[in-house]
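Only one chain is given next, in structure tokens, and it is the form predicted alone.
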């Protein structure tokens, strides 16, 4: 009897109490991950404290698959900073550098114009129709650190969903068949 037969026998021998214990353990792991994410949101002041670079628009500084750590403070945004922003009508955040800052005289609020380091022109074509500048509420955070290539896991699972389902299935099977 091979590995598959042992796995099937293990699944058949699961008792209700063991199944409940494993389900509770899995629930605790998921809950812990959510708590850690919410804590990071509070500490960094960003709605998304970690993002993956999805395109090559910021090369050579950041490559596709790099993970960025974000922080959002009350300090004014300055030209040269790398920010992550959301544009009205788009679901995916964009990572680009601030190239111009425009301070409004009447309110003192700062509007910014961005550009990808590897792009020819500014991002006005990416903004919502008629929008010339990004406002503070569009900015999700400033890049304060990065891990190269680690985000490829996310990119692969997004672009090839079958891999995600195989991985989730394998992990679920591992949880169900574990004896501890």
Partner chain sequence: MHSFGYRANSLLTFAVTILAFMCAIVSFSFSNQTPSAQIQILNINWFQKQPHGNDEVSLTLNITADLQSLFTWNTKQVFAFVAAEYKTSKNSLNQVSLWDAIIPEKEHAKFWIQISNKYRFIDQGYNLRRKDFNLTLHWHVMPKTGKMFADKIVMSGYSLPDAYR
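Since the structure is predicted, the reported quantities are computational estimates derived from the model, not experimental observations. Numbering follows the first chain given and starts at 1.
Beyond what is shown, the protein has a form predicted together with its partner chain; the following relates to that form.
- Among 144, 26, 153, 126, the residue placing a heavy atom within 4.5 Å of its partner chain in the predicted complex is 144.
- Although the partner is absent here, residue 78 sits close enough that one of its heavy atoms falls within 4.5 Å of its partner chain in the predicted complex.
- Heavy atoms of residue 94 never reach within 4.5 Å of its partner chain in the predicted complex, leaving it off the interface.
- Mapping the unseen interface onto this chain, residue 45 falls outside it, with no heavy atom inside 4.5 Å of its partner chain in the predicted complex.
- At least one heavy atom of residue 82 is located within 4.5 Å of its partner chain in the predicted complex.
- Along 56-80, residues 59, 60, 61, 62, 66, 78, 79, 80 each place a heavy atom within 4.5 Å of its partner chain in the predicted complex.
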